[in-house]
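First comes one chain, alone, set out as structure tokens in the form predicted on its own.
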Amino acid sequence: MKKLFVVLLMGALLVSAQGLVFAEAVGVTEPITITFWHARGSTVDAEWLANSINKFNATNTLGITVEGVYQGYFSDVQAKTLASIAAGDPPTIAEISCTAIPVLATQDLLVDLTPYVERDGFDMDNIVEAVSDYIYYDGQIITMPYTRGTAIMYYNKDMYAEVGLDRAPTTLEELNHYAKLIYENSDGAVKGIGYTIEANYYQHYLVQSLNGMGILDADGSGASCLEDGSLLQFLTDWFEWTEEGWCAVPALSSASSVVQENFNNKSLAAFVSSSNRATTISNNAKANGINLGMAFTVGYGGYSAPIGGGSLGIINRGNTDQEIAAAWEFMKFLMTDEQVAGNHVATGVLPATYSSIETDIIQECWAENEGYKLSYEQLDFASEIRFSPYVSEWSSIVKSAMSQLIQGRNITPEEVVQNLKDEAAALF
């Protein structure tokens, strides 16, 4: 019986693999409803997405109805999507984080979009090259960039001007110097800078500015930052910054919301957050009378920035050919210049296509709001954690270790690195 089961399983996998390799692009032939799971929960994000879905539903001539379902943060989308696939009731299309894409791709859970791209003449060269790393896997086109973004330093211009810096800092060393002055001049009432813990994003770019790779090697199969001293240096520095008081310790829960609240109540002079939150942060700063500055993020010795955010992927398990075809039509709609440009202007996410950047809506936005252009301009020196089957688990392991050091404060940087070496030996 066991031998028969293995034979049947191998046969099923072969059929599945053949189905992926030789899949043909079909058209939508009847009215159909599909589900879109996403992480766009902020007011401006949710409003923009609702408008996009409503417009698509009202204007497509194929009878497609998209139902958007907010599923929480990216980690929630990943966990719920995997659980729904196992249960046989997945979404048709999902907004997937960069750390989750390799998890789904290496399990053959994402539709190969190549036949649809080729049939419809979709111009892949129009996609901004810097955000293309998570589009391809094993000769397939598996995602399209949607809510990609870089991090931005948001700062209170007046607070930094009061201590002698009337422009944005250009190095981490300069940022730290003035952040410390703000803290001292306020008698400890105002923290100069704050970071939340996202190892594959915020801390990745700071480590990358030391070793050129970040927390994961270029080939995605190891973490030499544990051996070359770069991670130890950064963890030692970060612990000392928080120990001295001028760098904020992230909150244990809802850290991103807390850091923005502290900035709005003027107990924090600067913080690093995604460009995807630019509109929300700008609106809140204005409401609280803050002279907001947006600037490139900085690392050791100069500019350094991360690339993150989410992409669109269609789930191939548990969805029919008609549902997949309908999801492709919705995906194409979201990749039009009108949608890409509007998404950027409304929320701050990166414009992911070259042609959208030339539209009047983006050019006018950049002329009036220079901060929105930053996320695109800093792609010249930005990097993202490498595509790897290990990226999700390794990022989680490193984040937990960083939390133990910076929030728990019951371990030394040296002990963190040694523990991570043990974890890496088991994982990679």
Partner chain sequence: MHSKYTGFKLRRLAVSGISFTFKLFMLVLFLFPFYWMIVTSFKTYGGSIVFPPTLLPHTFTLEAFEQVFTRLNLWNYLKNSVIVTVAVIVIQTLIGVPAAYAFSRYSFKGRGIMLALVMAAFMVPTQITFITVYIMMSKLRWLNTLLPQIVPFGASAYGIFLLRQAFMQVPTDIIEAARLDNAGEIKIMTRIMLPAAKSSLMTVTLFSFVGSWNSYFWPLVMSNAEKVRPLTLAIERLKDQDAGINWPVIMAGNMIMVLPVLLIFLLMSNKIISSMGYRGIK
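A quick note: this is a predicted structure, and the numbers were derived from the prediction, not measured. Numbering follows the first chain given and starts at 1.
The form predicted in complex with the partner chain exists for this protein as well; it is not shown, and the discussion that follows is about that form.
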- Heavy atoms, 4.5 Å, the partner chain in the model of the complex: which of 371 to 379, 357 to 365, 33 to 41, 55 to 63 makes the cut? Say which one. 33 to 41
- Item | Within 4.5 Å of the partner chain in the model of the complex, all of 71, 89 and 254 (non-hydrogen atom) | yes
- Message: Just checking whether residue 80 would be counted as a contact of the partner chain in the model of the complex - the rule being heavy atoms within 4.5 angstroms.
- Response: yes
- Query: So, in the model of the complex, is residue 261 in contact with the partner chain at a 4.5 angstroms heavy atom limit?
  - Reply: yes
- Although the partner chain is absent from this view, report whether residue 180 comes within 4.5 Å of it in the model of the complex, heavy atoms only. no
- Task: Although the partner chain is absent from this view, report whether residue 280 comes within 4.5 Å of it in the model of the complex, heavy atoms only.
- Result: yes
- Only one of 84, 186, 230, 176 has a non-hydrogen atom within 4.5 angstroms of the partner chain in the model of the complex; which is it? 84
